[in-house]
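Read on for two forms of one protein chain; each stands alone as structure tokens, with the labels structure 1 and structure 2.
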Structure 1
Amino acid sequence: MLHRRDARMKLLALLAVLVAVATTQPFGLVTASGFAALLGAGLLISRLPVTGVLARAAVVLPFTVTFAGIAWLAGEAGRAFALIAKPYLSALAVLLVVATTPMPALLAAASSLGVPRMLVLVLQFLYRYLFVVAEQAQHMWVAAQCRGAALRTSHRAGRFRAASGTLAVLFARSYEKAEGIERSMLARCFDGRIRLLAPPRLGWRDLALLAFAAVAAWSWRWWVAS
């Protein structure tokens, strides 16, 4: 299964597919179908919910449809299609890797492949503190409901004051929680490196995944361009 493959090889395979999609010209329906078939095979192998992944990848469409509409009105239908298909296929490829790889393993793989350590560390803490903020917000919501509080008021100014006060309290509580986490990490001799409990082992299946994804994507690109 795709979940068990080495995160480093999945990142390299993702990079190969993204570059192939981005640099393929012309990019018509046939070209998009080839890349879609490759990603569809990955979805089937990974046993992810196809409908859910396809729907989540569509989050990029509101940003690209605007530019595609401008290109279509300018009489460039091919470019309009490419502006929709390329970002969607790229988002689908990224989701496929993220959904089959734990975030710590993904960040450790990025670090081992030469991504700057500071960038990896920032991403790691951002990922972790999002859950801290979400947890604090959930606790505040439960506490407010238990006290019978309601943010709905008849005046816009009242709603603004209630929302701004809630955000201020959420920030203060999250900051306090983050300081506690930092002290705990320093007490455990944290040196700025994220280490995995079980270091990954590179096998022939991992290399086969990289080879298949890269060869398939770039062979299709060269065949289309020829």
Structure 2
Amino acid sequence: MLHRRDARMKLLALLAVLVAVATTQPFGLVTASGFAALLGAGLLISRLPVTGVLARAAVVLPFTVTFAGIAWLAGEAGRAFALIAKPYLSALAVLLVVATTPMPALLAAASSLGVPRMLVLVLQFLYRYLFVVAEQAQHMWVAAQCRGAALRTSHRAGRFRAASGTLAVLFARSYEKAEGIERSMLARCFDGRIRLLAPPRLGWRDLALLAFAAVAAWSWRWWVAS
């Protein structure tokens, strides 16, 4: 359901929900459960693996729990709860959109919503080569380990120098790769634009999704406040 909706509308709906969550004050258990119900409904109709998404959103917890603990020790229990609930619900909302939208469609949507074309292009190349370069780093690390880099007996300064050398070589390889990409893209008539195979079309369902998410989140926000 959520996978087929237009990426622009999903991004706008995400912004509406995020701003509603961020601006609600105070943020108690009742308020949080309303937003959680909205996001839970989204999670169910998206048919994403529920436990997987819930666990994935929990990556924000180590940071937030630290600050919430400090707030709780300072005697501000309400704020401590908000410091855990708000980031978790926001991360859940972001995941719901990112996990149901292919990255190229998401970036094309961002571009049509006014994000500079230059930044979108850089994001596209960054996403495309992220795992390529990371794998290269992994290979170099394994190769270095085979030559004894993990041995703790070697001198610290030596290991520091070896690590900086590794990074320099990784930089060199990334640079070469970028030059190769540039030449091959120019050879294929690259004009600074990346096109989608299927251009997005806006239907009434997409508008309904945006309207539903925005109205639900904001009416809950106002109802709780009043």
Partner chain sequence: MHIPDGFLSTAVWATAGAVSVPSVAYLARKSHRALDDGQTPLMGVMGAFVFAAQMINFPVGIGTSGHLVGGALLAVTLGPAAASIVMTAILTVQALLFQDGGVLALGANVFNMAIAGVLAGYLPYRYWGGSSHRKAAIFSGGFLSVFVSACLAMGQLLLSGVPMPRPVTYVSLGLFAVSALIEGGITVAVAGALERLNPSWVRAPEEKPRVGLGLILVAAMLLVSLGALFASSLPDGLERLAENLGIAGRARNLFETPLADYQARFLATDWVRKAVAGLVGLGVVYAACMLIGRAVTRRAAVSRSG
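Residues are numbered by position in structure 1's sequence, first residue being 1. Since this is a predicted model, take the numbers as computed values, not measurements. Think of the rigid core as the biggest set of C-alphas that the two forms share within 1.5 Å after superposition.
**Q** Could you point me to the form predicted on its own, 1 or 2?
**A** Looking at both, the form predicted on its own is number 1.
**Q** After superposition on the rigid core, does the Cα atom of A178 shift by at least 2 Å between the two structures?
**A** Result for A178: yes, a 2 Å-plus shift.
**Q** Does the distance between the two CA positions of V169 reach 2 Å or more between the two structures, the core being superposed?
**A** Yes, shifts by 2 Å or more.
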